[in-house]
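One chain comes next, on its own, written as structure tokens: the form predicted on its own.
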Amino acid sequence: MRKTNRNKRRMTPPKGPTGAIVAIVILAVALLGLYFAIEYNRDSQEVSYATFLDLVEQDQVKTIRASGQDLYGVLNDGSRFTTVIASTDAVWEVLRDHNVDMILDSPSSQFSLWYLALLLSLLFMVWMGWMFLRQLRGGGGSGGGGGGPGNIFSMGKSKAKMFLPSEIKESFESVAGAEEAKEDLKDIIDFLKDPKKFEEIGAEVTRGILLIGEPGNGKTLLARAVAGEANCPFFTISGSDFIEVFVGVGASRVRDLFNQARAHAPAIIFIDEIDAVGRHRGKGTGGGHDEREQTLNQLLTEMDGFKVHDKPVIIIAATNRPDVLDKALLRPGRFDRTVNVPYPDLISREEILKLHAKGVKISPDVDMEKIARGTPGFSGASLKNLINEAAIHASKQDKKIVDVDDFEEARDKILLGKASKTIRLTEEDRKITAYHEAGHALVRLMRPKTSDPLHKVTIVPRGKALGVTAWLPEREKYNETEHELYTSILSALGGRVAEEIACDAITTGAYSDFQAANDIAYRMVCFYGMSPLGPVIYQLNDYGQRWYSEDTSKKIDEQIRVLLDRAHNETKEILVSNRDKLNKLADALLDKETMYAKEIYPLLGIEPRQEHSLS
């Protein structure tokens, strides 16, 4: 005899839209029954039996509805009343003699009218209670797991995502540049692979690492690469995921996170944006005992408890605000190793560009070294975006490969904004813009030893700028001389001075140039000791107040004004003495709109510097 197994189906409450519709229907019917029950007896006046008989004798009663000894009536004027009558046939005779319409209900029908709403409401509450208890047991939500969003008891569970070694594809080969950071992290990898090697010699490897760097520089990627190199589980969570409005939830999530990590040790915990939970204590609400501070206290306790566990758990945190972190987080034994992840330098930028260029069809004429040189201050994420924007531009032009022009457009779009197609400049505006940009460029060309090489000049509007003068650095700069800073001021003022000389007019277009010139002059006087005031730093305190005297403040203003006035006069001398070159460059810009350095040098009869065009 052959047996067949049948799948037993368990009664479950309807889910999704069906469950919602059922709940709405039950509630609507309950409310409707309650409404009719209330509406029927609204404004009803209770009268005595004798008064009721008088009203009948006076022919004022229109209709009555009787249920047992309870009587509900309506008078001729529409008002309602209730009374209790004696169970005698004489009452019915009187009502019949005065032509009163009578409706007789059984007690059960009246019971239904009054208690239907109560019954349906009770059913609705039972259904909701069933759903609530099911949620408490972890049966609700998707998956019904302890971390499900509908499980109230899972509120204290960690929201961290766990990646097994097989799921982590990153390694140090996936991280271009950041050589110093990778060198600092190799100790952690060795420790995770073979902790006994360190224990035998008596060495204690740090268990907490703090990655510091601006957004987009690869802190998360480095943490995943460490897990990939060490071939161990990786738990990742944001600092804000610990915090809830309910007191104690954050601390519970911290405990749960570390318990999970220890169960899978050796493992790595990565906390992104740790400043969300690790800020200085004593500045929160509730007298310094708010939820965030309790979460931080629990985190400190868990980090101290590392040593009592045999298998290692490494915690890596990332932030771009190390100044706001609580000092207890940074003491030895917790985050006692700080790894800086700075903006990539020239060599690193070239490596990052080559890494992200894989899989993108790029012309052999594109020199990644020149593109890297033209993108100082770009983060790793920005360089990836540059490759992507160039590829998008090439596809829009129906090109098969990405060429230099696409990279030019992508970089200008990122730095300055998209070229405007709606701005229509008058000939006078174009002339002023051409002389303005020619003034910027000519000043730098006349001071080649203290200036970066010219790249291009354009009067095509981009973003908020009507024109742009761009130059490329010859090398990565870590210091700037006083002469280089002064040349930057001269170049910034060159646009306004050119307007004064050639157009006999001044415009508002020099506003951003003045901001740049004033900022450089302020730093030279107040921070760099490049003025008669000497090597003293004049800066504001944490509350935006100056700590120096009013007299010193006046001297600072005077020195900045003297510096800018001298720069203005020297800029004017340069442009007046080279007026023919200024006119040639402005006229060429009016004709071509965009000119590169390789065109400008022969036009002005200036000896070319090293080729700095991307082409």
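These numbers come from a predicted model, not from an experiment. Don't overthink the numbering: it's just position in the shown sequence, from 1.
In what follows, reference is made to the form predicted in complex with a small molecule, a form of this protein that is not presented.
- Of the candidate stretches 444 to 452, 167 to 175, 76 to 84, 410 to 418, only 167 to 175 has residues with heavy atoms within 4.5 Å of the small molecule in the predicted bound form.
- In the predicted bound form, no heavy atom of D256 sits within 4.5 Å of the small molecule.
- Interface membership of G380, defined by any non-hydrogen atom within 4.5 Å of the small molecule in the predicted bound form, is confirmed.
- Interface membership of K219, defined by any non-hydrogen atom within 4.5 Å of the small molecule in the predicted bound form, is confirmed.
- When the small molecule is considered in the predicted bound form, L355 lines it closely, a heavy atom lying within 4.5 Å.
- Note on contacts: among G534, P215, P332, G129, the single residue with a heavy atom within 4.5 Å of the small molecule in the predicted bound form is P215.
- When the small molecule is considered in the predicted bound form, only one residue from R281, K384, K193, R321 comes within 4.5 Å through any heavy atom, namely K384.
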